[in-house]
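Have a look below at one chain only, the form predicted on its own, in structure tokens format.
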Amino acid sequence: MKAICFYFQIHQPFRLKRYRFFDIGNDHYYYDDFANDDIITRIAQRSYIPAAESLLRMIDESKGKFRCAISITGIALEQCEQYVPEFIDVLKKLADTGKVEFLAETYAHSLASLADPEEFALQVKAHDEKINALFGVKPKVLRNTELIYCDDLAPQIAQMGYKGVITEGAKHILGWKSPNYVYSSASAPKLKMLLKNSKLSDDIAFRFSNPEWESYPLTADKYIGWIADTPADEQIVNLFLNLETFGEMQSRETGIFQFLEALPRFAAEKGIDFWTPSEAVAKLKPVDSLSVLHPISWADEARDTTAWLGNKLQNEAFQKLYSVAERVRLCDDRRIKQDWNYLQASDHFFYMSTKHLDDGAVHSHFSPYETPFQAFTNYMNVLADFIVRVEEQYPLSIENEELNALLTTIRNQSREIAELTKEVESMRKNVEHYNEERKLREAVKEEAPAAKKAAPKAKKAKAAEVKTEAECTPAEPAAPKKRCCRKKKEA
């Protein structure tokens, strides 16, 4: 039996407005509301909503045999709630089918996993809580930002309770191996890995409407035929795509929606199932362990992290941002926390990429800036103002050792508060139990005198009842007396 594991990514950053040097210290609002509203509304109407409705029809027409997974970032959900709440409604319908799995990831679509393990854990937890609040489900498989993964991350992911992780089937990692199997992590053997089949995924995402492609036009029966022709022992084909592939990157006029909706019918003819990532992890055993010494991703030809951290501009901005991470976590200011999330989005670093022309064309397609240098300057101006606001609460003059001591004190106090809270809760339960017992004893005491008063009456009533029964019962004839033998002899 062979299966397809579909996963669709949804993410949109909060784009920054043009922020000048002279705005630092004067303007603390950083976002281009018009652009954010316009972009997510347009993409939702052209792509997200019709694609989600196609998924609903596929589930219905296949009687639940079609299944897939969706990963949507926390900041994308915030924008949808604000600008296109109707899309949230469609996602809830998908969740209600029970055939769509929602994956875990970082709330801000950040690169925190590469810089700050504590921030990474906090963001994943916040994202899980958001997913559970909106859709009533708890993610079981993690998809890190841009499918970033390495051996150093695996133990933390496993410790956080996830059974599987989704990442790229990079050629330089796999070598001769196929991505169409389940693997286990070399550094966390209990963590299973699902690897993207790049060739088959990109056939849809990038080559579907290209008339110069040798396999153009791509039809559903041809595509399923390719999957059916893979070796019989290759049980899972992982197709990981951005949801905006349907309707945005590949326009409706190309027939992309008809292609998508026809896949379950042709898959059924070939005996191919559709599984969610959790099902694949539960049903399949790892064929081997896989070691990833350096971080990989699904971006660019190199499948590494240079799309975001490949030049001095990006690294300068990245290090500057996470230099205040500890101080931000100490803050209680809601606006600072919110801006901290929005500024961590990997997109801001992606816009600063200066990679070669081929990759640069892809990078510039998504960028609202004319040049990477403009993206860097604008972001650093915003970041400078943000750091000023953080410094007002926790001055940078405080040395790291002093700050760490303060953090240790706060954490110890938090633990003490948690322990005291447990004790208070235990005492509260004991008091409630004591009150219940006391009420029970008082009720027994109140009933005792009444029972004593009622006892004589009950006794008289019972005696009268016995007497009545005796009177009503006919007397039996007395047995004849036997004569004594001794008296008979004497006579």
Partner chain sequence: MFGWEFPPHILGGLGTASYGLTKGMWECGDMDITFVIPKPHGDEEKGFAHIVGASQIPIAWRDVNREYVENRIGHVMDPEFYYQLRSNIYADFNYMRTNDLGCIEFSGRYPDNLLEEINNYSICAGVIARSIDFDIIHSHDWLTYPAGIHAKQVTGKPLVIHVHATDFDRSRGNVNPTVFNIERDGMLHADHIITVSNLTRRTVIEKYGIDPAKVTTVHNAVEPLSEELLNVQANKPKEKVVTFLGRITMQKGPEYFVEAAAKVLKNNHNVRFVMAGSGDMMDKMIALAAERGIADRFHFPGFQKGKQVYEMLKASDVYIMPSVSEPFGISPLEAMQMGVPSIISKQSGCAEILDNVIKTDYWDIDAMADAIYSIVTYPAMYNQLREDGLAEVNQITWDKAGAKVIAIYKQVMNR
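Positions refer to the first chain, counted from 1. Nothing here was measured: the structure is a model prediction, and the numbers come from that model.
Not pictured, yet referred to below: the form predicted together with the partner chain.
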Using a 4.5 Å heavy atom cut-off, which residue among Y162, F376, Y181, F274 comes into contact with the partner chain in the predicted complex?
F376
Which one of K199, K312, K190, K285 is close to the partner chain in the predicted complex, taking close to mean a heavy atom within 4.5 Å?
K312
Given that the partner chain is not shown alongside this chain, does F14 nevertheless sit within 4.5 Å of it in the predicted complex, heavy atom to heavy atom?
no
Is there a non-hydrogen atom of E316 within 4.5 angstroms of a non-hydrogen atom of the partner chain in the predicted complex?
yes
Quick one: does E370 come within 4.5 Å of the partner chain in the predicted complex, counting heavy atoms only?
yes
Residue-level contact is defined here as any heavy atom of the residue lying within 4.5 Å of the partner chain in the predicted complex; does N242 satisfy this criterion?
no
Among the candidate stretches 304-312, 287-295, 142-150, 80-88, which one is within 4.5 Å of the partner chain in the predicted complex when only heavy atoms are counted?
304-312
Go through 10-42 residue by residue and record those having a heavy atom within 4.5 Å of the partner chain in the predicted complex; state none if no residue qualifies.
R18, Y19, R20, F21, F22, I24
